[in-house]
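There is one chain below, alone, in structure tokens, taken in the form predicted alone.
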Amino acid sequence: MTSRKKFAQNTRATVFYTIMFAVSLIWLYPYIWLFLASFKPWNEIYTTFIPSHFTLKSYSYILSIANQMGYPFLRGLLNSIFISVAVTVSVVITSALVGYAVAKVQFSGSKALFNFVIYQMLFPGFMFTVPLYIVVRSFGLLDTYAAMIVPSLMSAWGVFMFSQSFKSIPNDYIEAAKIDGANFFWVVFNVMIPLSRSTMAIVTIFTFIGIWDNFMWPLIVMQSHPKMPLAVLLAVFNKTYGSYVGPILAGSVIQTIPMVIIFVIFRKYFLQGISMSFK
């Protein structure tokens, strides 16, 4: 009886893992196809799964020839990095400062401020696209880096994450720092943030990924090719030269590389962030 029960359990486990493996292959197939196709000769992109030989023609085209055609993809990659880093640094700093005020500073309206932060998280960002566009246009920021950076300098989600983390830190640390003469900023940057490194890492990773993957807003506010992030420049290139599939696939692979590197390095914090989101 025991052996039958064990056999049944092993069978169910084998079937379950087989199904999960098949589902994971289906999920991974588009990326595998994309990666292989970027190294295929152009005449084999749609005809074979494994290329007859690997070539860097698509990468050479997108990094050199496309630049001469007015599509500087290498600069687009640098633009994506610059915009993502600038927004991420700003979000971490502003979220920590506001989160500390919400969690530890007693003032009238603090509860209303915290509720407002939560209230902002209830609505999808695309609802504010039109009013935000009008504001950016009114300040003359269209087609500038500021148009992509300024609207994202603060994050309600970042404030919420830092405030929740700071609430768990005993006030004794703050009082000890104040006795030594520490001011508001010294306490935040030298006491609270070092004690909330996991939260800072999670906010950093998810903010960077969110800005890196942001497509719609840069597409709306940017017109100059040299200032576009890589994803938008690829879309514009695809609209004009849709028949050049190889370079577009190569650019798509380049677009994903930083995310893969970040996930591999910060996988621990990435999983922590997902688990904290469900709490």
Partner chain sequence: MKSNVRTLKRVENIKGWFLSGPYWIFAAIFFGYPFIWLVVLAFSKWNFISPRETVWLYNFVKLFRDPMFWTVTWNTTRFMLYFIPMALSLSIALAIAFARAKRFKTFFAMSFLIANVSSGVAYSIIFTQLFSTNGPVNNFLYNHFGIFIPWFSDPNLAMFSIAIMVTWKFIGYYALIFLSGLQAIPKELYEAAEIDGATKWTQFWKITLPLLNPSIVMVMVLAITLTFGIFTEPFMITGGGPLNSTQTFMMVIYTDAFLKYEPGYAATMSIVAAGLSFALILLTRKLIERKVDFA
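Bear in mind that the values here come from a model prediction, so they are computed numbers and not experimental data. Residue numbers count along the first chain shown, from 1.
Unshown form predicted together with the partner chain; subsequent notes refer to it.
**Q** Would all three of 89, 173 and 202 be in contact with the partner chain in the model of the complex, where contact means some heavy atom lies within 4.5 Å?
**A** No.
**Q** Among 193-201, 79-87, 165-173, 105-113, mark the stretch whose residues have heavy atoms within 4.5 Å of the partner chain in the model of the complex.
**A** Single hit among the candidates: 105-113.
**Q** Determine whether any heavy atom of residue 120 comes within 4.5 Å of a heavy atom of the partner chain in the model of the complex, and answer yes or no.
**A** Looking in the model of the complex, residue contacts with the partner chain include residue 120, since a heavy atom lies within 4.5 Å.
**Q** Is residue 208 part of the interface with the partner chain in the model of the complex - any heavy atom within 4.5 Å?
**A** No, no contact at 4.5 Å.
**Q** Does the partner chain come within 4.5 Å of any heavy atom of residue 33 in the model of the complex?
**A** Residue-level check for residue 33: yes, a contact with the partner chain.
**Q** Even though the partner isn't displayed, in the model of the complex is residue 148 close enough to the partner chain, meaning a heavy atom within 4.5 Å?
**A** Answer no; every heavy atom of residue 148 is more than 4.5 Å from the partner chain in the model of the complex.
**Q** Within 236-251, which residues have a heavy atom closer than or equal to 4.5 Å from the partner chain in the model of the complex?
**A** Contacting residues: 238, 239, 245, 248, 249.
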